[in-house]
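Before any questions on binding or motion, here is one chain by itself as C-alpha cells, the form predicted alone.
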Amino acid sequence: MLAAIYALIACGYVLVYRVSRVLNLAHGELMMLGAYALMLTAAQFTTYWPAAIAAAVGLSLLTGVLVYLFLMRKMTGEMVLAAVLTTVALGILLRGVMVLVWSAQQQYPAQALGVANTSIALPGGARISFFSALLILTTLLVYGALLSFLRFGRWGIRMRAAGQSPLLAAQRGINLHAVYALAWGLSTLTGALAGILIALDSGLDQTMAIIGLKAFPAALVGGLDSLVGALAGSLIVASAEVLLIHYVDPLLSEVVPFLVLIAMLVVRPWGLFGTREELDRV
C-alpha cells in the first residue's frame, strides 16, 4: 500500500523532469490541492462519488496546465536553480492559501460524499480498506496508461522527443510549450489521484504535503527520467520504511526515505534506471 502511494506520486515528479528537466518541489502541495478540490466537488455530487472524483481530477489537470502557462513558462531557458526555487515558492504559497480557505482541521471527504470505506478480506487473514485497494489498482492502471501513451501515443512521442532534445524537437515543428503544459497537467492529475484516494481512505489535513515530499526520494532512487525506475524506487523506499518502523522505531518513518536517498546519491546519483548525465547539484 505504501509503495503504491509513493509510486503514484513519484510518477508526477518523473513526468515533469523527463520532459522539461525541472524538479517540481511543489508537487506535494499540488497533490494536496487536488484532495481539497474533492471537498468542493463533493458539495455538487453528494449522491454520486465517482463523479465528484472525476470533477476534482479534471480541475487538477487544468490547474497543472495553468501553473505552467502562467508561472513555469517564464522559467523556460533559465537556470535550473531558478526553476527549482520557483516551485518551492509556489508550494509555500499554495499551502498558505489552503490553510486560509479550508483551515488546518482534519477533514473527511468520504463522510461528505456519504461513502463507506469498507474492509476487504484477503487470503491469509489480512484485510485492506476499499479505498486502499482502489489506490493500488489505480496505480497499476496509471502506470500502464502512461507507459503506453509515451510509447505509442502521438503526444507521448512528442513528450519523449522534447525531453531528449528540445532544440531538435522544436526544429521538427513540435510545440514545446504545449508539450510542457501537457506534462505539468498530467503530473498534477496523477498527484491529485493519489491525494484524493488518500483523503478518502484516511482523511485530509496539511500533513498530506509531507507524503508528497517523502515520495520524492522514491523518484530519485529509481531515476528521475524513468517511470519503471519510479516503481522500483517506491518499492525500495517503502520496504525500507516499513522494516525499520517494525524492527527499530516508528519515529523513523519521516527520515527513512531521505536516508535511502542519501545512500543512493553517494553510490549512483542518476538512480537505478535513470540516464547517466551531467547533473546540476542544487
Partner chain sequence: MSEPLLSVDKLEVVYQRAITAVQGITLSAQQGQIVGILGTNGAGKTTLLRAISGFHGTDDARVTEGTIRFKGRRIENIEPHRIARSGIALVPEREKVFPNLTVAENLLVPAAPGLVLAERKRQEAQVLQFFPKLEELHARTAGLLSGGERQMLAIAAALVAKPELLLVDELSLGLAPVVVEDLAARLVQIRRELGITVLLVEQSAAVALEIADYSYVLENGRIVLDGDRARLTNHPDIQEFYLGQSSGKRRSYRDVKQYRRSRRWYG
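Being a predicted model, the structure only gives us computed values, none of them experimental. Numbering follows the first chain given and starts at 1.
What comes next is about the form predicted in complex with its partner chain, which is not displayed.
*Asks:* Name the stretch, out of 153-161, 106-114, 126-134, 192-200, where some heavy atom lies within 4.5 Å of its partner chain in the model of the complex.
*Replies:* Result of the contact check: 153-161.
*Asks:* In the model of the complex, is there a heavy atom of its partner chain that lies within 4.5 Å of any heavy atom of L147, even though the partner is absent here?
*Replies:* Answer no; every heavy atom of L147 is more than 4.5 Å from its partner chain in the model of the complex.
*Asks:* Just checking whether P166 would be counted as a contact of its partner chain in the model of the complex - the rule being heavy atoms within 4.5 angstroms.
*Replies:* Looking in the model of the complex, residue contacts with its partner chain include P166, since a heavy atom lies within 4.5 Å.
*Asks:* Hey, in the model of the complex, does Q171 get a heavy atom within 4.5 angstroms of its partner chain?
*Replies:* Contact check for Q171: yes, within 4.5 Å of its partner chain in the model of the complex.
*Asks:* Though only this chain appears here, would L176 touch its partner chain in the model of the complex if you measure heavy atom gaps against 4.5 Å?
*Replies:* Taking the distances in the model of the complex, the answer for L176 is yes, it comes within 4.5 Å of its partner chain.
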